[in-house]
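So this first bit is one chain, no partners, the form predicted on its own, shown in structure tokens.
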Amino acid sequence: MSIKKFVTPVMTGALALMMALPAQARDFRLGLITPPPHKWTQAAYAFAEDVKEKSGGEHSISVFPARQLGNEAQMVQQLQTGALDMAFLTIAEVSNRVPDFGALYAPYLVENIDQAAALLRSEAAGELLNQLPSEAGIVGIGYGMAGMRQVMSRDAAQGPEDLVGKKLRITPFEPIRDFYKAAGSAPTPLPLPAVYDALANGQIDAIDMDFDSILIFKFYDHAENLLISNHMMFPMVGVVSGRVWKDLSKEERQLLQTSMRKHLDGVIDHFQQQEKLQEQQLRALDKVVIQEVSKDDFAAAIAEWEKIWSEKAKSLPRLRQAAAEIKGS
């Protein structure tokens, strides 16, 4: 028997066996900065369970909350190399790398949580995700969010003028830093788990935060003054490493897209439904002193912000148009 006659049937049989084998099982890793009680982390675990169930246990997702894999800048680097498979990222870090996303933080782009939810589900917001593969090496699956941004302070505050010179905790990214600098505050980046102690020991004077986190982490223990401003929305984006994505099958991509989008959308629904209730809970706390401020109170800061970001974020007019249509609907 010739070698050719012997090898061909063997190779054909091996190929058939390989084709009959199931797709390679994958254990994906998902990182995020929020601690376990936060809704984003809960959604990440629910997403992991969903993928495990829908794949019949073939695929799994290990969730690493509370900056276990580093801060968001470090996680983005891991995503770019393929060392990390997925993440739920604040648009804050994304905007540091793709400035056009900074437009989503335009002060008073939307007026309330319902408008924020509608804008994140709009075509205009969806178009921004198309920039991520080429500019950041990641694939944007969809948006989530936290609640509208408010300000809590240790000392009494009637309005923005009482925040001048104060050390005000922010998420570390340029759009919100520029806003508070324009308002005369001293924006101070701090990770969420460090905020409670920083308020307690006077390391910071005030915080930029949403109702949900204020209640979960009881920041009112050390900052009893709440300025309800609704000055910005706070989007989040679910992403997959571009290097990982290119090696996924069509079926695997579909599974991850469908499941992740479902749970990201659930995050939006959660904050949309809880916002008014959580405001009522804070108003019911005797120790919390509440003042309400509006767009007019921040007029000078907004004008300064616009000078900077109208040049950086070319998507701003498109998003403003979409927001105006939502407000008018």
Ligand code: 3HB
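Just count from 1 along the sequence shown to find any residue number. In this text the structure is predicted, and so the values were computed from the model without any measurement.
Only in words, not in the display: the form predicted in complex with the ligand, which the text now covers.
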- Query: Taking heavy atoms only, is residue 192 within 4.5 angstroms of the ligand in the predicted complex?
  - Reply: yes
- Query: Taking heavy atoms only, is residue 263 within 4.5 angstroms of the ligand in the predicted complex?
  - Reply: no
- Message: Contact with the ligand in the predicted complex for residue 210, defined as at least one heavy atom pair within 4.5 Å: yes or no?
- Response: yes
- Using 4.5 Å between non-hydrogen atoms, is residue 146 touching the ligand in the predicted complex? yes
- Note which of 259, 171, 229, 185 lies within 4.5 Å of the ligand in the predicted complex, where distance is taken over heavy atoms; exactly one does. 171
- Query: Taking the ligand in the predicted complex as the reference, which of 153, 150, 90, 241 has a non-hydrogen atom within 4.5 Å?
  - Reply: 90
- Message: If contact means a heavy atom within 4.5 Å, which one of 273-281, 37-45, 56-64, 300-308 is the stretch that engages the ligand in the predicted complex?
- Response: 37-45
